[in-house]
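Given next, in structure tokens, is a single chain: the form predicted on its own.
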């Protein structure tokens, strides 16, 4: 049975270039060692950092390698707490629809540091992010950190980070700095962006979301945006992240960043394929709603609500037929409750439990989509008949 993978927001398969790079990899020295093997390993890390910096349009010194998006998010949020308290900028703005590595970290921070106050910006599935709430909160409180993702991993909705930076600058006193952090894990290979133009102080990225390896990521920290390291020990990454670097994975990630050049035609192709799929589903199945379809979304993402068809049941039946899809974020797998992100967006318990996330990849074909929709129609009919 040919399997059709339609869960690219959860992870992606390593590209052919990445597979070749790790197969041919030979520089196994410790990058902190000063002998020849160590120096060759160090050169691989520096080369990868230069390649990534060039693609992002930033300085190599503004990047640090991590184990992935969750560590990067934790590093920023936990690494700024003491600074926010010392400056009296103890208010943080985020949302309840953030990735758990942001939302749960903020929950822990607020419980551990009574001086910290977290404001959760409403995000409605019909209207999107409430920028008025954001502006009023900035206007009336000493906000030290705003942490909002660039694109939602479940609905695919893209948020206006540049507008958020504008509102921060409009309402922040010159004597106080408000940091802007964005979880940008879902953006690579799915949307164009200019990190400098967005105006973020920190941005988190993860390699396995764009056809590189799991277990490695990169954190952008704008020059002058210091933070206390989450992991202390050796002096790796200029003291920002201790521990021997994940050498081969970093090397592979650096190579894969080059694949992000000139992606415009590929992104349009994927968006066209997603729109084709959604049109076909709506014409074949009644009582279907697609979230955020009237707003700016990632080109590959479709969050589908199918009335009277439980998401987990859909997923299991489709799995048996050879299709990999999701009912929400993979980080919440094993949890029998519907996605907390969808509940935070204002969906009822019933609506959230009848969701199916389909996320296309660079290799998804029209034949894959035709086959998927054909089987989805059969599964929905079967479930509804029962």
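Residue numbers count along the first chain shown, from 1. Treat the numbers as computed from the prediction; the structure is a model and nothing was measured.
Beyond the structure shown, there is the form predicted in complex with a small molecule, which is absent from this document and is the topic of what follows.
Q: Although the partner isn't part of this model, could you tell me whether residue 70 comes within 4.5 Å of the small molecule in the predicted complex, counting any heavy atom of the residue?
A: Contact check for residue 70: yes, within 4.5 Å of the small molecule in the predicted complex.
Q: Using heavy atoms and a 4.5 Å limit, would one call residue 186 a contact residue for the small molecule in the predicted complex?
A: Yes.
Q: Heavy atoms within 4.5 Å of the small molecule in the predicted complex: does residue 222 have any?
A: Answer no; every heavy atom of residue 222 is more than 4.5 Å from the small molecule in the predicted complex.
Q: Under a 4.5 Å heavy atom criterion, is residue 181 part of the interface with the small molecule in the predicted complex?
A: Because no heavy atom of residue 181 falls inside 4.5 Å of the small molecule in the predicted complex, the answer is no.
Q: Looking at the small molecule in the predicted complex, do all three of 99, 149 and 209 come within 4.5 Å of it through at least one heavy atom?
A: Heavy-atom distance to the small molecule in the predicted complex: all three under 4.5 Å.
Q: Quick one: from 95, 153, 256, 300, grab the residue that has a heavy atom within 4.5 Å of the small molecule in the predicted complex.
A: Comparing distances to the small molecule in the predicted complex, the residue within 4.5 Å is 153.
Q: Choose from 288-296, 200-208, 129-137, 240-248 the stretch whose residues reach within 4.5 Å of the small molecule in the predicted complex, heavy atoms counted.
A: Of the stretches listed, the one contacting the partner is 200-208.
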